[in-house]
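Both blocks below hold the same protein chain, though in two forms, and each is given as structure tokens: structure 1 and structure 2.
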Structure 1
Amino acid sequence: MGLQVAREEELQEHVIITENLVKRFGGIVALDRVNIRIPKGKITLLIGPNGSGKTTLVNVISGFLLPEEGRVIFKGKDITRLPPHERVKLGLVRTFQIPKPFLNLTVLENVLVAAEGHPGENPYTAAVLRSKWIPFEEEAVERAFDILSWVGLYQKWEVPASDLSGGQLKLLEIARAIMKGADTIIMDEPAAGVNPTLVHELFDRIVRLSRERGVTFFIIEHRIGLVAKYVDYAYAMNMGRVIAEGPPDYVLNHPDVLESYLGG
């Protein structure tokens, strides 16, 4: 009985829970019994040197890879085998370390595609019943411009995504994730390639989204320290394993973590 209550409290407090995740690529064990718990409404950081398994973990949590063993629990529901788009419907969205824009779509269109539940996306009615989706679209365009001006891509709304620089593509990834309006956002190295001033603006905004709207963030970063001051909790991985977890200061100064970076 007591255990049951404790279990439920844990589910309430943690949006994402992974249980003993194992993922192998041939001989490489990219995830070696990974257990993490992402607290609800907080910003959690995951650091680790290149090749430590961070992106693989994101891929398993978001459904782009199936684990060989273990489970992914999202809001108390086992989602281990759910296709990615159904996880998005539950409120879980991720960005890609290497941006994956819709290259021939304009910047504005890229953001608009992220609008959730758009009635105009039904291909059987979209062309003939325009009045059914125009109001939704107008509202979506408003939100898109709001987000674009915030990430600093406002001036670029009309250019195709293929014209953006690497840093701008990162911002576009983030703009789409925010447009999605998900309550849980996983960002795979959002700061890489973005200029430092913008990184700090970005994280100020992430903090606000988290504090004001209760959005949960799980942020991957391979450099130690850069964004530590913004986060509530931290995990560190090395060679497919979680090697430390706790308050950011504790994790960043943990001897094993420092050593993993020296070793790499």
Structure 2
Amino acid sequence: MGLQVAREEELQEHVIITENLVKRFGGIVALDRVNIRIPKGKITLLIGPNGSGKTTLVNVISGFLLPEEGRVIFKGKDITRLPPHERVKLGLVRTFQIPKPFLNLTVLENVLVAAEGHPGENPYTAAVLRSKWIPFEEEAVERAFDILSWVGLYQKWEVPASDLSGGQLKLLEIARAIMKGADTIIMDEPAAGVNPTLVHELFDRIVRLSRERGVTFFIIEHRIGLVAKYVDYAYAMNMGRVIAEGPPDYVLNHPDVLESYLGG
């Protein structure tokens, strides 16, 4: 009974749990029984040298790769075999290192594209039941403006996405993910290509979304010195294994982590 209670508490506290994940590419073991726990409503950092298994882990969690062994648990549900779009429906969204917005659309239009369940997508309701989709659009616009306010793009709503800076594009991706219904966002190197000053603005917004809206973030990042102070928990990987976990300062100064980056 005690073990069952402990298990239930773990599922409530951690939105993502991986259990002994194994992924191979031919003779290369990219993931070697990887176990991680992503706390709900927190910001978790994943670091490691190139080839350590970070991207493979994220691809397995987000459904772009299937593991040979192990499980991925999301909100208490085994999602190991679910395709990416089914994981999105559950609230798990991944962004990529290079944002891919609709460049010719405005910031607001980019966010509205992510709105789920528009009645106008159905030819019958679009043509006959106009009263059904007009309220939906009004509510979607109101929600989109609210999200843009949270991510700091409210004043940019009429601006084409092509005119945004690198950091603003990352914020737009977050806005679209939340509009899609995400409460858990996996980000692949959000600081890549972003001016250091804007990196701090970007992570200030991420912290606010985490603290005030309860959004969970799992972030791969190489620019560790810039972002470490913003995260709650950290994992380090090398050669397909987790080699350290804990508070960011502990992980960054762990001997095995330092050795992995020095190539020892």
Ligand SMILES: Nc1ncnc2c1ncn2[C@@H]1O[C@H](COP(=O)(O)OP(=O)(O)O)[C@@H](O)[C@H]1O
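By convention here, residues take numbers in order along the sequence of structure 1, the first being 1. The term rigid core refers to the maximal set of C-alpha atoms that superpose within 1.5 Å between the two forms. Everything numeric in this text was worked out from a predicted model, so none of it was measured.
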Form predicted together with the ligand: structure 1
| said: Taking the rigid core as the reference frame, tell me whether residue 224 has a CA displacement of 2 angstroms or more between structure 1 and structure 2. | reply: yes
Could you check, with the core superposed, whether the Cα atom of residue 100 shifts 2 Å or more between structure 1 and structure 2? yes
How far the smaller rigid part rotates between structure 1 and structure 2, stated in whole degrees, is 25
With the core held fixed, residue 181 moves its Cα between structure 1 and structure 2 by a number of Å equal to 3.9
For residue 142, the CA shift between structure 1 and structure 2 after fitting the core, in Å, is 6.3
